[in-house]
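A single chain, nothing else alongside it, follows as structure tokens in the form predicted on its own.
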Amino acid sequence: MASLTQYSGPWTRREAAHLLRRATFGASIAEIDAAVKAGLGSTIKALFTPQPTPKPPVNTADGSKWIPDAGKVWTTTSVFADPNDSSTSTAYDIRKGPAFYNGITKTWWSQQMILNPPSIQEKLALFWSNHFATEMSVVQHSILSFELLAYFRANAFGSFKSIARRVTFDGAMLRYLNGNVNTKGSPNENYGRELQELFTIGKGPEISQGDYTTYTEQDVRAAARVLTGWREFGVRDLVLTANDLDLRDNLPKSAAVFPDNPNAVFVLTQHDTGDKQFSQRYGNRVIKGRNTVQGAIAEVDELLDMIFEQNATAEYLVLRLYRWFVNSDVNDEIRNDIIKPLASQLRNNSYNVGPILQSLLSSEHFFDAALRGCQLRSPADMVIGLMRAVPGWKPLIDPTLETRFYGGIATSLAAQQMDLNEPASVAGWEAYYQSPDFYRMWLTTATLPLRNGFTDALLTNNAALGRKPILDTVAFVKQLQGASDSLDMINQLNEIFFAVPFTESTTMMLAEEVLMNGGRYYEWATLWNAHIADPTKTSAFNAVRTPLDRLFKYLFRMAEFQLG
């Protein structure tokens, strides 16, 4: 029976690696061993410790700052927010276009994912960017997209309800789902629909035309009316210049700033002030229309309160989190024993996500052997995970080479169909919702060769590392205990890199057919001990490096390696 009881079984490298593989993007041998030594409870606590806020990305070509300071007002119509004040000015050059700066953000985020200490924060930021999906190439505003990402990272294990509220008024979302053209004369239903269908309560089975169990088409129309009049600052009826630094002093009389986010404004003349009638799915609730900015904010808050009062809203998010961190297969037992209890905990804890995830990731259910290896690794799990697992590499101290290196990571993710901040649609990446395939959608005839190409490239010289390989297989194996025993060495590599144990026959095959290229498994000890006895001897070094490179290349191409 699936159980949320705290796990009390064996706590070895295998269990620690499973937790770090799922809660983060993977870990090094040292990080896995540190988790084993610390124990499950302390490891969970460390994973949920907020990380320091990193410096925002700069244009590495010249070191110029293009992200405004927190809370500063900026415009899309000038290169500098304030040319006379270096403390608030930014060098966002509109001539370069959003694609240029979006690329900087993706490069920066790849670097954060790889270099930050083990934490669930980065993986949750990726979850939120997929859950409240926006596409940078559609938003077409690099600063807005970065600021939404920064919000997700800073509030990763905070309140789901608070995140939903911020996203509702967010400039990137207002652009992406047409909030900017949602007016009283012509309500646009895009966000009102996705707020319910994809972001909060979820779409249940269609009972009748326009009735989706949890909400109806009437509710979509009513929500759209509640949301009329909101704009992303700096578009259409708000055209400001570089000198219009204080939003509150330069708004048209018909507009007012949203207090919690200076990138959103409210235009009263475009707001539907009539009452909004919702369906029986929401108890036939009526949201009273208002004719002030505070009244309009209250209408949105009432809308969100109404949605978050429904049990289905908490269950929907827990289901999404479960499929992200545990397994796509959810049967009645899982719904009753895992999803519903966690949803109740979520509601009772003001919708804070951190506590329920700690319960889930430290549960007997999470460590069930049947759930290890049940996922097919996402591109981020594989690419970022390998980069985190392999220690010792470091780009040369050259901004151009460093940018090229981490930009190459982002490019590799995109090629494998996980373009950061560019999910496939407003529904996010198909691997997390498209039944019955789910994670299997990551692996295709197009993406498998790219995965293999990436892992092969770890073993080749890299210009950004001074023509050294990212993975020095000899140095890596030296971290293991008893590396002269080929069978034990392979078993340790299995613990670190693989979600499921090898059979004895597979281990023997890897030792004799791959590592020793047809020789006997015990012959490895002679080669390894000769290298250890004289590490400076080139012939002895090559005698172990060649078979180790062959072994690692084979390991990373195994079907079992794709499982997480």
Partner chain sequence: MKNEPTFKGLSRRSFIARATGAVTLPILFNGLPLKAFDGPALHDLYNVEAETDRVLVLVQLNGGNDGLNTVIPLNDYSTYAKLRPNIAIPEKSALKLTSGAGLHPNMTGMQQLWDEKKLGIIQGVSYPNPNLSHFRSTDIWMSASASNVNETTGWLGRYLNMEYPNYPQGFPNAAMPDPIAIQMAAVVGLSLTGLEHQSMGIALQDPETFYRLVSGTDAPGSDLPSTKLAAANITYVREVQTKSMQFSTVIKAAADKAKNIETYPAGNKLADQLKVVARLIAGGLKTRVYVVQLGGFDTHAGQTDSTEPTKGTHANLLEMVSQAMTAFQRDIEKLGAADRVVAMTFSEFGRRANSNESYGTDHGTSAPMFILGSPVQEGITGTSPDLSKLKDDNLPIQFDFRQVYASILEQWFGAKKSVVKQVLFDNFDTVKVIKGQTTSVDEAPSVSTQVFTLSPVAPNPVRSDASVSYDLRSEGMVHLNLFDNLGLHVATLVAEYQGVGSYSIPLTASNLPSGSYVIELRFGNDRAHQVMVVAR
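A quick note: this is a predicted structure, and the numbers were derived from the prediction, not measured. Residue numbers count along the first chain shown, from 1.
Keep in mind the form predicted in complex with its partner chain is missing from the figure; the text below concerns it.
Q: Out of Gly354, Gly373, Gly407, Pro395, which one falls within 4.5 Å of its partner chain in the predicted bound form, going by heavy atoms?
A: None of the other options qualify; the answer is Gly373.
Q: Name the residue from Ile532, Ala46, Val500, Ala61 that puts a heavy atom within 4.5 Å of its partner chain in the predicted bound form.
A: Here the answer is residue option Val500.
Q: Would you check, heavy atoms only and a 4.5 Å threshold, whether Thr538 touches its partner chain in the predicted bound form?
A: Looking in the predicted bound form, residue contacts with its partner chain do not include Thr538, since no heavy atom lies within 4.5 Å.
Q: In the predicted bound form, is there a heavy atom of its partner chain that lies within 4.5 Å of any heavy atom of Ala559, even though the partner is absent here?
A: Answer yes; at least one heavy atom of Ala559 falls within 4.5 Å of its partner chain in the predicted bound form.
Q: How about Ser186: is it within 4.5 Å of its partner chain in the predicted bound form, going by heavy atoms?
A: Yes, Ser186 is a contact residue.
Q: Is Lys96 near its partner chain? Define near as a heavy atom within 4.5 Å, in the predicted bound form.
A: Lys96 lies outside the contact set for its partner chain.
Q: Thinking of its partner chain in the predicted bound form, which stretch from 344-352, 420-428, 462-470, 154-162 has heavy atoms inside 4.5 Å of it?
A: Checking each option against the 4.5 Å cut-off leaves 420-428.
Q: Taking only heavy atoms into account, state which residues of 203-230 are within 4.5 Å of its partner chain in the predicted bound form, ordered by sequence.
A: Contacting residues: Lys203, Glu206, Gln209, Tyr212, Glu217, Arg221.
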